[in-house]
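The chain below stands alone and is given in structure tokens; this is the form predicted alone.
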């Protein structure tokens, strides 16, 4: 019943979006079975559940299923005493962290700590429970981090939905470990059990690439990696026209920070904030700003949209919104971003958005933000500029209006 009670909140919730899936259950079942049998690093530590919890790490837990399920299995569903005895958890997405917090409080459990993907997460870890990422680069970063910092006898239980798993994932683990055992399929899911570290390796570092003088850094899993996606490329062609008198700008959902760095390079007097909910994205964006010599003028923030930004505090926001939530095509995140932008823009400020043309966001942007102009488009993408109205003009008379330039 624990898994069934989990919620995605404050992430988008809908009938086709779920807080857990069969792979969560299978990961927990595989680990629990070997733990009860006393197999490998998953066996209970002699000093009991609290010490065992300190050696357990959870990675890519979407909304808390693995963390809370493991806590329940260890009999640790009550608040833990010392932070050092807590389950250590890494979640790339801030919304996942917040959801875990809500679900943990509902379950009466506080015995976990959130960490970045570094030594504080993995030092001394003997058991890792994780959801497999879809990106092989992201998996490489995670596997390398485990090999670099975890205990030599660590056992990794990595699961996922079969439709998203590939044999190449086994090959990634085998770069750093001796053995990968593949479970039988169950409810369209599998678990890889990974053992036998091949020796210490260096921790993961971002990949780097140069594009026409702009240097881009990316940790694994960040959208587009070190490439510049086609939508962002189109927006870059007109970025010089985006509110040229702006005093401050925000790259909302910044990814690797391409737009933030480009704005800072083109406009030396502009204050730029790059914000994303992804740990890997903000680390990548900070590195991109540094590589391009604008780290002193680009502030990088991990945030749920623009939750930490005050009302009416920005002249310009640039946005390339996602249209997927996990495996599902869903525009909920984009709509939240539009609402955030409308709140944070000063009157007369502008939101410049690039999106897949078939999504038809112009009407929504006009309704939520203000009059929306078509700036440019190609066969796939559209760029629009939405202007926040003065209060005296926002009485509904112009609501929903969009224009062509």
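These numbers were taken from a predicted model, which means no experiment stands behind them. Residue numbers count along the first chain shown, from 1.
Same protein, other form: the form predicted together with a small molecule, not shown, and the subject of what follows.
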Would you say all of 322, 333 and 337 touch the small molecule in the model of the complex, counting a heavy atom within 4.5 Å as a touch? yes
Among 273-281, 173-181, 157-165, 136-144, the stretch whose residues bring a heavy atom within 4.5 Å of the small molecule in the model of the complex is 273-281
Which of these residues, 150, 298, 242, 95, gets a heavy atom within 4.5 Å of the small molecule in the model of the complex? 95
With the small molecule left out of view, which of 127, 232, 292, 193 would have a heavy atom within 4.5 Å of it in the model of the complex? 232
Is residue 303 close enough to touch the small molecule in the model of the complex, meaning at least one heavy atom pair within 4.5 Å? yes
Look up in the model of the complex whether residue 253 has a non-hydrogen atom within 4.5 angstroms of the small molecule, and give yes or no. yes
So in the model of the complex, does residue 249 come within 4.5 Å of the small molecule, heavy atom to heavy atom? no
Taking the small molecule as it sits in the model of the complex, is residue 259 near enough to touch it, meaning that at least one heavy atom pair lies within 4.5 angstroms? yes
